[in-house]
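In structure tokens, one chain follows: the form predicted on its own.
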Amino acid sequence: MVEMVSRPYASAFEKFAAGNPDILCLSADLTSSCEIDGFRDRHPDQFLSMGMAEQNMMSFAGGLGLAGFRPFIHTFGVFMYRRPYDQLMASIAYPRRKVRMMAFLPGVTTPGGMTHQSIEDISVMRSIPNMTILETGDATEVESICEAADSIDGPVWCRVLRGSVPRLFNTPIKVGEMRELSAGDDILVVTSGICTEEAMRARAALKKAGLSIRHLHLHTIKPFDSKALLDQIASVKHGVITLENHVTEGGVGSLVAETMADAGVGKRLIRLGLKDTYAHGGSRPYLMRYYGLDALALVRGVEDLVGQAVDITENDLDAARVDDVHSLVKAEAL
């Protein structure tokens, strides 16, 4: 049974930041939705409410970085790069300010539709010089994301999970490394974020079907250890499948494809994720099934890669969790 942790970011950020005057907490009018309302109430001298003015917040954070502070910015991911992209580039990335961008609601983790779903943020951030990209996949990684981000001499983009989060790992994020979750010699599966739990749901059924799966989880997307990945690819027979809560263009699938192409690796690669589409509103399980981001989509990808059916249905997979839809729990938390 997977342990569920309630609001791990709230307690982790407060534990990390409280009493450190160089760390300032910035919010763009989504304080409780980003789980920092308790920090605001208990540490008002370290909290700044910037209102619904993200462009100003990014430039302000860059100025704080210039003054020697380490601002942690909190809002939904879409509002932190689509609207204030110019300020992010000019005030934070170019001068390499130590600004930590805590981007909530990655991909289809919200029922709010395209206005709230950051489905292409990794593509954007990978192309920005000086930028580090981290993504949380469980409660342990959420609890360690602040320390990991604050270890970087420059700006950091963090995809952060909120609410009730499963605990899948027992060690914190080590920037630049990847987690090997299972060893196998047939297929390499590379996942990140919420898709890692989905891949874990499918592993037992695939093993029962006679397929040996090597599974890697990425929490550090940039910088990326290409050599380590190539060593993993060399150890499997059939090829690689990537599964991500993001568009397939520019994300983890593209990262793996570029690595393989640069090294002249001739094995097949199947990239699973959002296929040149926006997502509509709905629960997380529904959206992951509809857009092919879940465990069953991975099974179908395996069938494609090996060229044969494996006769696995939803009933053969480990049980899926059903989470409360945030918009039903709290109106502003789309």
Partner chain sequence: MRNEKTTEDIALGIRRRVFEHSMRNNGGYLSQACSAGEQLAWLYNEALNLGPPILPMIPKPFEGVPSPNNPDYHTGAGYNGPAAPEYDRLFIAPAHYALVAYATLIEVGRMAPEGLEMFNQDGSSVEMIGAEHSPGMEVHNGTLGIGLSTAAGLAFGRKLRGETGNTWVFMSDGEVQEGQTWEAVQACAFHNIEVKAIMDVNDQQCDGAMGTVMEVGDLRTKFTNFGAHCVEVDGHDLNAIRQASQEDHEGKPLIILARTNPFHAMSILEERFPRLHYVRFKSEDERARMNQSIAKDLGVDPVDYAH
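Numbering follows the first chain given and starts at 1. All of these numbers come straight from a predicted model, not from anything done at the bench.
Omitted from view is the form predicted in complex with its partner chain, to which the following refers.
Its partner chain in the predicted bound form reached by all of Met50, Leu64 and Asp86, non-hydrogen atom within 4.5 Å: Per the other structure, all of Met50, Leu64 and Asp86 touch its partner chain.
Sole residue of Ser32, Gln308, Thr277, Asn56 within 4.5 Å of its partner chain in the predicted bound form, by heavy atom: Contact check passes for Asn56.
Out of Gln232, Ser226, Asn130, Ser212, which one falls within 4.5 Å of its partner chain in the predicted bound form, going by heavy atoms? None of the others qualify; the residue that does is Asn130.
Heavy atoms within 4.5 Å of its partner chain in the predicted bound form: which of the stretches 265-273, 42-50, 283-291, 297-305 has them? Answer to the contact question: 42-50.
If we define contact as a non-hydrogen atom of the residue within 4.5 angstroms of the partner, is Asp318 a contact of its partner chain in the predicted bound form? Answer no; every heavy atom of Asp318 is more than 4.5 Å from its partner chain in the predicted bound form.
Its partner chain contact at Pro95 in the predicted bound form, heavy atom, 4.5 Å: Result yes; Pro95 sits at the interface with its partner chain in the predicted bound form.
Using 4.5 Å between non-hydrogen atoms, is Ser91 touching its partner chain in the predicted bound form? Within the cut-off, so yes.
Would Leu24 count as touching its partner chain in the predicted bound form under a 4.5 Å heavy atom rule? Leu24: contacts its partner chain in the predicted bound form.
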